[in-house]
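In structure tokens, the next block holds one chain alone, the form predicted alone.
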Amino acid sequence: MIRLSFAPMEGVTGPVFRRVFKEVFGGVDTFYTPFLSANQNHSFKKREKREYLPYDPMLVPQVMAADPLDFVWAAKLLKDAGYSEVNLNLGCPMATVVSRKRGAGLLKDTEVLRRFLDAVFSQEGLPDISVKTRTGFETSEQAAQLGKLYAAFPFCEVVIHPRAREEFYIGRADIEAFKLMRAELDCPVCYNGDIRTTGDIERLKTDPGGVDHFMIGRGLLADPALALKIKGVCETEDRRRVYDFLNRLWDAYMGELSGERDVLFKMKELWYYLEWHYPEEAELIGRIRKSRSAAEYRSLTMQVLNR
């Protein structure tokens, strides 16, 4: 049976978004938090605490750290908060992250990464640890080497985004690199990358084959009903449901953020992805993304979706 997870998208898939998405759409089995940053102070910011508190049984916290003992601290704290699994972020490609040897920055030197993982798994009292990784730093030629490295540690799952860090999100995901890494692993594997349609899932079920866990990020932001379509719950487009989702999300953000301007910024960011799913509405969506008031935004959104 297919399992679907919602990939963490920094600044987008926070607790408010997740709550409203569950209410209106659903179809997703697991959500991952945008990364929580473990640091030398051994404390999370209030904003980060809101990501994982109160406890959510559908949630896997994702942690980023440069020091293995900082990650261990975070993993144990999250276990105490009720979470049986914590995900190690080795995938974030952003320059500010990589320069601090976090995220995909740890992929640059496999010996440094090995020492990091040795230090983590030498500790007792940890929850299950999964990892979200890319298939290399400069190129995906590292895929098999990284797979062998991960296989030496007791990860409960390896989530593979088959692009190198240097590719960011450009170009097509490298299925061959995914296969090379997967071939080295004997733990459960999740595929992440370029899933935007039910056809993409059907293709991936046969190539690379045998994968039953898929993580989707941008595809679910573009088409919030995609998980339901993949699971056969709905087949037809329902713009009114998307319209209801966006209205509820607006109202929820109004109760959390400091004012209309901040909410408008949040909603326009989401339309960057929705535009992929409605290319025939490019002119109106372009105006939505340039809107300067709630009234203008709501009027244009109604023209695109309230049909």
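Just count from 1 along the sequence shown to find any residue number. All figures in this text were calculated on a predicted structure; none of them were measured in a lab.
Omitted from view is the form predicted in complex with a small molecule, to which the following refers.
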(request) Note which of Val72, Met215, Leu78, Ala104 lies within 4.5 Å of the small molecule in the predicted bound form, where distance is taken over heavy atoms; exactly one does. (result) Met215
(request) Give a yes or no for Val24: in the predicted bound form, does one of its heavy atoms lie within 4.5 Å of a heavy atom belonging to the small molecule? (result) no
(message) Considering non-hydrogen atoms and a 4.5 Å limit, does the small molecule approach Pro34 in the predicted bound form?
(response) yes
(request) Give a yes or no for Tyr273: in the predicted bound form, does one of its heavy atoms lie within 4.5 Å of a heavy atom belonging to the small molecule? (result) yes
(request) Evaluate Glu85 for contact with the small molecule in the predicted bound form, applying a 4.5 angstroms cut-off between non-hydrogen atoms, and reply yes or no. (result) no
(message) Using a 4.5 Å heavy atom cut-off, which of 178-186, 138-146, 108-116, 193-201 contacts the small molecule in the predicted bound form?
(response) 193-201
